[in-house]
Structures are given as structure tokens and as C-alpha cells.
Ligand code: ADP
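One chain comes next, on its own, written as C-alpha cells: the form predicted alone.
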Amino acid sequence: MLSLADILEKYWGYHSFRPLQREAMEAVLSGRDSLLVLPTGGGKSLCFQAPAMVNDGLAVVVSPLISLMKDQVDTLVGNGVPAACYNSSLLSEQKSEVARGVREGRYRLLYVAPERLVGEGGDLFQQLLSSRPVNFIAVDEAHCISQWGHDFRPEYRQLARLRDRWPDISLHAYTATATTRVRRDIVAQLGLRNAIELVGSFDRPNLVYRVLARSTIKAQILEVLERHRGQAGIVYCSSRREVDSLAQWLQDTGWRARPYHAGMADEERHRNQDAFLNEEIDLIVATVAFGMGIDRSDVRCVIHAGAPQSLEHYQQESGRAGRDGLEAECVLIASGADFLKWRMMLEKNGELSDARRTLLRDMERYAASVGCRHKRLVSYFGETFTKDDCLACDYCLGELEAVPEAITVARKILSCVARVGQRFGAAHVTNVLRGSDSEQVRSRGHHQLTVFGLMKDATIDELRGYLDQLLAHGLLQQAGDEYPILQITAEGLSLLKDAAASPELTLARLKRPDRRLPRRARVETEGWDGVDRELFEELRVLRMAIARRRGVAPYVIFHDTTLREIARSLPKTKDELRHVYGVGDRKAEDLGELVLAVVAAKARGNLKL
């Protein structure tokens, strides 16, 4: 019998365990129920896939999306692992073949939807599974079971009934995002018994976080995308209309981009998703309807063209970048108007509870905070960040600078809001403070106010950034629907009136008014150390050709991590290739000659680039 370490190397080409993987796998092998929370890209799927190869019998994996099942099964089969899925996308003869394979014991892993197990006809399907020994049941994307989770699915909450059919086997839940309350709900709803809970770090050190105050949104998006031309990216928008508009604009300006949102026809939406997964396009512009089940590992940037409604949503959505563990950039472009829109929408739908207000406030504070982004995110999930700095966010990279005399700046802005009668929005207040000689300012006599031109040296972007930060600090608030106006809160009034008051207040501004490229994070440079870039690109071409020929997504063949390692180590034999990260026995034998031929051609100087 092979050990877990041997199985990891033989089938997946991995030479060590990532944090908590061994503990999670041993829980499966010992028959003890478990709940594992690992961040996106943390390797949680391997925690039920590898143990399935230790003992004979069948592991049943409950998965919510057909696309997710297909990608995982394609990858497993490519690694030499006997696996299959049974879902509504299969033709009747394909379903019959899978059922026959189950009865004959040909599979170690079978992926099914929760509806297949506990929905209509579930009893018959359970009978099929019972024709062979079932080793354990793994519930992937387990936050779907919780009424507080992101993607509530009623069928998930019926999975505890599987205990009636298989009372002696273990159940295991896996998710990338779950607060303490959601974890409690998962354990209760699944009926986990004496479960071991394993919660990994929420820090993603390979992600570079930045926050920009929204100004010229298209120019801001382009500035980020230009750093990742030819690479995969996701642009999240808060409305379907903005998705369609931005996707069309990107297409018109030469980017390989397509839209994705729930208002599109199913066929078009699935076509666009497949185009992204198969690397036929580089960019997907989407609402939050796009996400779960997207297994593309080489997403190099995620841009939010507007703030999401909670830090949990942001962690989940931005976490779709860099699943392969390589460097990726996550940029939040936000304004105070985003949070006003969320509050209005939630209030209109009768959903603006105290809990939702708190979630919005936490998100607003993150967007306006001055400090390490990584520390802020992991602290939100109850984790202590022990590093002095992350060197992977705008603050720690020195792209932001604290504004001198922040209290004085705040008082100038609050005074202007007061002088214009608390009846105007951010644009008008900005114009007055900068001394803009506009018709709107003159017609109201605001050019004669003592605050006119009080901050004439500040740029529009800087002033809008200060306003957003004062909103986040609770010194200002917005009121009104279509044309929100700025009002001073009780805390803001206290700061304005009490000259002796000197509360803790830090304001920040971006250091790069000339739009120079930001400083490269350490993770962005170290990932390419020793890599032959030309060879890497030619290996990508080979990967695409193989994927097209086999009808699978390119990352199913090899992740970028593996291609970079090949282009770094330059293997000359199959045995040397077999020791590259991510190349198991099957792939070394199956694809070795093709890969080694490209490496040899580069050594001879015969590449086709």
C-alpha cells in the first residue's frame, strides 16, 4: 500500500504537504468526520482526492456545479486517478457507462450534485452507490449548506439524510470561506459527529492588494490591465448595465473580453465562461454571479470596479486571483457612493439589518484605511498577522503617504460642507475647495465663501479620496437618492466646533500623481527568478495545443507553476521531468516527449517564437 506522500508524488507530482493537508487527509483515513477551511488555492480538493487512492472502495464527492465537476475529473483522469462524474450534462449512454463503472468498482472518486443524492430519485441513486463499498462522503463548497453562506442551496441542508443509508462512514466538509457562525451551521446541518475542525490561514501572500479612490474608472482599469496584458483577469462590476458597457468598451479597444451576468441567456453566459476557462479570451467582466466553480488557476488580476457589500465577499472574489500560488494583483476601485447604493438597495429590499450595516461599515473602513491590507483582511477573520509588513500591498510598498496635519485637512473639508449648507454633493464641495471658477459655483455665490479655494493645491482625486475617508471615519454621511448630498455627523460637528479636540485621524493619498508604474512587490519578482521567459511562453503554446486536442481547459494539462519550474530547471530526461513540481508519473509518461522536445529545441536555439 502506498503512503499518502507516495500517492501525492506519484499522481500529482507534489513532493510535500501544504499547511493542514496531512491533518485533513489523516482525518479521512481514520474515519473521523471533519470540517476543513482553506483559502482559495490552498489545496483543499487534494485533501479528499489523495485519501481516496489509499484504500479500495468509492469516495463520493458532492459538488454544486457541473463545470467544477468536469474540470476536477478531467484533471484527475489526466493524472491517472480513476474518477468520474454523474450529472445532467451527460447523455443517457454516458450515464449508463458511469453507472456500470460504479457497479464494477472502476472508480475511486465519483462527483455528484446534491440534488442527485437527496433530490427526486435520490433513493435509486443511493442504491446504485451501495452496490460497492462507499469509503467516505466529501462535501465540497460546504458554505452552500449554511443559511448565512454565499450560495445557499436547500439540497445541501438535506445531506445529513445520507447518514441513514451509510451510518458508519465519515462525512467531510470543505470550503474556502466560512466565518465562525457559518462553520457552526455546517457542522449542525451535516450532522457531523465529533468532527475535527481545521482552519487554515486566510492570508494569501502571493496577492498584491491595492485600493484606489474612484475617479476616471476606465483609465484606472486600463492602468491595471496594462500590467497584465496577455494574462487572465476578472473585472467585477456592481450592475449588469456596467458589465455590458465595460465589456463592450474593452472589446472596442482591442482587449479579448466578454461579459457575464445573470441577466444573459444561459447559452451565452456558459459560452463566455467556457471561452475564459479555455483561454480563448483573457478577460471576463462580471457581476458576482461569476465565481464559484471557476477553476482557472492563472488569473493574474482581479479588479473590483466598485466595492462589494462585505469583506467576506471581497476575500472570496479577490481570492480567485493567483490560485496557482504565483503572484497576482487585486485592485479595489471604490468611492463613498458605492456604500450609499448598497444601503439604499438593501433598505429598499427590507434587508438593511444591523448586521448588514456592520458588514458594510467594515468594508468601507477597509477601502479607506491607512495600513497593511493583508493585516486588515486576516484580522477580520480573527487571525493574528505576525509580520511587520507584507511588502505586497499599496501601503507596505510605500505607494500611499500619510497626509500631514490630517485634523486640519478634515476641518477645512467639514467647514466647506457646512458653508454650502449641507445641501450639495462631493463634486460641488470639491469644486468650491479647489476654487473652481464654474457657473455652478458662481451662480450660488459660493465663490465668495471663505472656504473658496481653501485647498486649491489639492487635486480632484485627492479631495475625493479625503471625502471617502471622512465618510468611512463617520465624520460625514451621505443622504438622498439620485443626487446624494454630504452632511456632517455628530462626530464631525464635534471635531469642527471643538478646537481642543485632537482625535486619532489619519488620512492618506496616493504618491503617484504622474501615473508611473508602481513598485514591483517582492512576490512579483521572485516568481520569475531563474525562469527562461521565452521557453515558458513556448510551453504555454504547447499546453494550449494539447488542451485543444483533448477538449479540456489548458490548466488541466499543467498549471503555470509547473511550466515556470520546467523553464527554470530545464529537464533533459523523463526522470528529471518527473521530479518537477506538478508532474506525476502519468503526465511524465504521457506528455514527457513533447515537453522535453520543446526544452531541447530552446537549448539548441530552435524555438519558433
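Residues carry their position along the shown sequence, with the first being 1. All values reported here derive from a predicted model rather than from experimental measurement.
Absent from the display: the form predicted in complex with this ligand. The rest refers to it.
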Practice prompt. State the residue from Arg434, Arg323, Arg509, Arg300 whose non-hydrogen atoms include one within 4.5 Å of this ligand in the predicted bound form.
Written response: Arg323
Response to the item:
As a check of understanding, the residue in Pro51, Pro39, Gly584, Pro554 with any heavy atom within 4.5 Å of this ligand in the predicted bound form should be identified as Pro39
Worksheet item: Quick one: does Leu46 come within 4.5 Å of this ligand in the predicted bound form, counting heavy atoms only?
Response: yes
Discussion item. Is Lys10 near this ligand? Define near as a heavy atom within 4.5 Å, in the predicted bound form.
Written reply: no
Worksheet item: At the 4.5 Å heavy atom threshold, is Lys70 in contact with this ligand in the predicted bound form?
Response: no
Discussion item. Against this ligand in the predicted bound form, would His559 count as a contact residue? Criterion: heavy atoms within 4.5 Å.
Written reply: yes
Item to complete: Could you list the residues in 1-35 that come within 4.5 Å of this ligand in the predicted bound form, counting only heavy atoms and keeping sequence order?
Response: Leu8, Tyr14, Ser16, Phe17, Arg18, Gln21
